[in-house]
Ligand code: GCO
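Presented as structure tokens, the chain that follows is alone, the form predicted alone.
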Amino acid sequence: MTNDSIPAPRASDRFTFGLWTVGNIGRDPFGDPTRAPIDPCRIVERLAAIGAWGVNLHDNDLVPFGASASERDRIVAGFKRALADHRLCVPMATTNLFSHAIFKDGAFTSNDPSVRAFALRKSMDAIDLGAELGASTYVFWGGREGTEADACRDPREAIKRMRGALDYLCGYVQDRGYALRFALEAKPNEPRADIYMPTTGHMLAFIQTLAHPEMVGVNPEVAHETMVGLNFVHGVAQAMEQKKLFHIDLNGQRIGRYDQDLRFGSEDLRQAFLLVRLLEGTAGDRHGAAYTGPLHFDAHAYRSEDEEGVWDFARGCMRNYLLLKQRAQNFDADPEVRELLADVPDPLGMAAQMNRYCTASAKALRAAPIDLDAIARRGLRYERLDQLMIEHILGAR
């Protein structure tokens, strides 16, 4: 395999970045910014030049908090012209419900009704903006929906408040006739000590309690579940199996660290490979269709970089995904891999008996002459399978 065999990113790859990702100015809790802000219209121009498909945004990434109506309209009009000029789209939008001090104890889950009301109002305004820009997915990350002093509220009340807010906003979207779906983003901690509904599994269970569960899915992020040691690929698979993977945030992360938002594919190549393989469906579609939504890189360049380094970072995210996609295709087309992944022989016809319970199937299962000792002695060759995967990741096959 040569470098030339990896195609350049194109619109059909569905790669997106947020204004807040490539626009990150290099500030961290211990240091001031290391690069100047980049105008949103310039971000659109540069993303289009390197092959991205779309750009996503929080409301205040584009329109400063507190801007007048006329100022808001002027900024949005200029941004829409840039999108048209450079043929970029806005697939996803979201609301910043975490930066302003009013949200210090949550937005939708705050004990203060005035805070909850403001969060709804801000969300409705931001939903209007997203719809105006053509977004089809609206993400909710509850960055302040949690606690440090856990006795401050009954967590059951927080869940009820979150449900009420989402039901309200689903009603708003329906009333306005917007073609929008909501995607909920889980995170275990940071910036709160504990955040409510911390994993994708929590969110999937919560969605079933909403008034309009058909409108709501999930937006898992690599870093959020990896930072606490969970298997991100398994969480994404659960969302896909339930047809609830509405959006996904791709980045890199080391276990046990703060939310690093590193370049996709720069950490844990094994998990990145398996994630791309899952999303692309290279192993075939017998377990369900491949993911066809936006591939959003929610990450940012190292603090060491100037603006040119930002675009190196963005190109690296896309190139790493395409490299891993090609590796996954090669892995699943490898005859030895296909042999190792072939269905286990079923001479007793047990699979058919387990499809659905009935009295006859239960009787057949009980009577089946299963040779426990012979099965227990049989090697599964997972060592060989895993080594083949590593060789494909490294480009040795």
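Just so it is clear, the structure is predicted and the values come from calculations on it, not from any experiment. Note that residue numbering begins at 1 and tracks the sequence as displayed.
Below, we turn to the form predicted together with the named molecule, even though it does not appear here.
**Student:** Which of 302, 98, 168, 118 has a heavy atom within 4.5 Å of the named molecule in the predicted complex?
**Tutor:** So the residue touching the named molecule in the predicted complex, by this definition, is 98.
**Student:** Among 187, 161, 244, 277, which has any heavy atom within 4.5 Å of the named molecule in the predicted complex?
**Tutor:** Flagged contact: 187.
**Student:** Pick the stretch from 262-270, 68-76, 198-206, 135-143 whose residues have a heavy atom within 4.5 Å of the named molecule in the predicted complex.
**Tutor:** Flagged stretch: 135-143.
**Student:** Although the named molecule is absent from this view, report whether residue 94 comes within 4.5 Å of it in the predicted complex, heavy atoms only.
**Tutor:** Answer yes; at least one heavy atom of residue 94 falls within 4.5 Å of the named molecule in the predicted complex.
**Student:** Determine the residues of 43-63 with a heavy atom within 4.5 Å of the named molecule in the predicted complex and present them in sequence order; the list may be empty.
**Tutor:** Only a single residue, 58, comes within 4.5 Å of the partner.
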